[in-house]
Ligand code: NAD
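Encoded as structure tokens, the following chain is the form predicted on its own, with no partner shown.
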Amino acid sequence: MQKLGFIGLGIMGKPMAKNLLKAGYELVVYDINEAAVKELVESGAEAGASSKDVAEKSEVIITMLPNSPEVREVVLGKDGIIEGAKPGTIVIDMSSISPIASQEIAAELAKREVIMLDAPVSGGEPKAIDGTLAIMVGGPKDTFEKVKEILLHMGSSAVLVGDIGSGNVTKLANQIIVALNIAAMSEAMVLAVKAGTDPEKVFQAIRGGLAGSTVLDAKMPMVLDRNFKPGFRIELHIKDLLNALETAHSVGVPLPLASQVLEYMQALKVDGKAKDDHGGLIQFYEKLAKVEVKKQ
């Protein structure tokens, strides 16, 4: 089996790396959070001293980082992947970043004969833990085929959608749909409660019909339990929507609904709820209507 590197052991990266270990891969890991590295070492991984060190020891390197600046730093910065990677090395960036940034980073790596795929994911922490993420990939087809098996140990699907950057364009489209679904759910359920109807019964009544969705099934039980422990934080969804707006404006596409929901999330951030799960968006609507959606 190939020796893999994994950089970025946060809410998503840590369970993804653990699934690769369970699949039998040799793994070299690095993160600025030493406790996360220690946990992976206890599960059988080797600790890398830096991103460069991970690259020197790996044939394929996976990164799972917060945003474009962190990916640039880890890949192209001092002691970065580019300093340690050999020609032919494959970098799979599974972070959700700007498609333009993906293209720029890939171009720099290509000068060293290092190939990059952008492969962001959807599914949040629960699907990262059970290895059923949806993975959307941009980059060369032959490179994708070489690493598809690796990806499928972290996800239930891995789809090549186009050239480098296409993975992140797809993720931005995904994040717009998720954000608007949560907003629609929130608006509807706040109405139901304010009108005197049991939200749990409303949920059960509509989930099998046209209004039913994966988002509704994942987020409504959490809302009813008042559980806003993050699978995917509001502050990260803000980041994704900002990237979506930047990309959309660069190609001449207005995003009227996404920009509105972004402002609702910004309001929650100001209210100290940036680290809540994005299902906590309902709190914006609850505050306006002065009701709380919960089990009765």
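Model, not experiment: these values are computed from the prediction. In case it trips you up, residue 1 is the first one in the sequence shown, and so on.
Just so it is clear, the following notes concern the form predicted in complex with nicotinamide-adenine-dinucleotide, a form of the same protein that is not shown.
- Residue-level contacts in the predicted complex: of 267, 32, 49, 257, one residue has a heavy atom within 4.5 Å of nicotinamide-adenine-dinucleotide, and it is 32.
- A heavy atom within 4.5 Å of nicotinamide-adenine-dinucleotide in the predicted complex is found for one listed residue only; from 225, 130, 73, 113, this is 73.
- Contact annotation for residue 279: none of its heavy atoms lies within 4.5 Å of nicotinamide-adenine-dinucleotide in the predicted complex.
- The shortest heavy atom separation between residue 95 and nicotinamide-adenine-dinucleotide in the predicted complex is within 4.5 Å.
- Interface membership of residue 236, defined by any non-hydrogen atom within 4.5 Å of nicotinamide-adenine-dinucleotide in the predicted complex, is confirmed.
- At a distance threshold of 4.5 angstroms between non-hydrogen atoms, residue 199 is out of contact with nicotinamide-adenine-dinucleotide in the predicted complex.
- The chain is drawn here without nicotinamide-adenine-dinucleotide; in the predicted complex, the stretch among 181-189, 116-124, 199-207, 99-107 whose residues come within 4.5 Å of it by any heavy atom is 116-124.
- Contacts between stretch 158-172 and nicotinamide-adenine-dinucleotide, counted in the predicted complex as any heavy atom lying within 4.5 Å, involve 171 alone.
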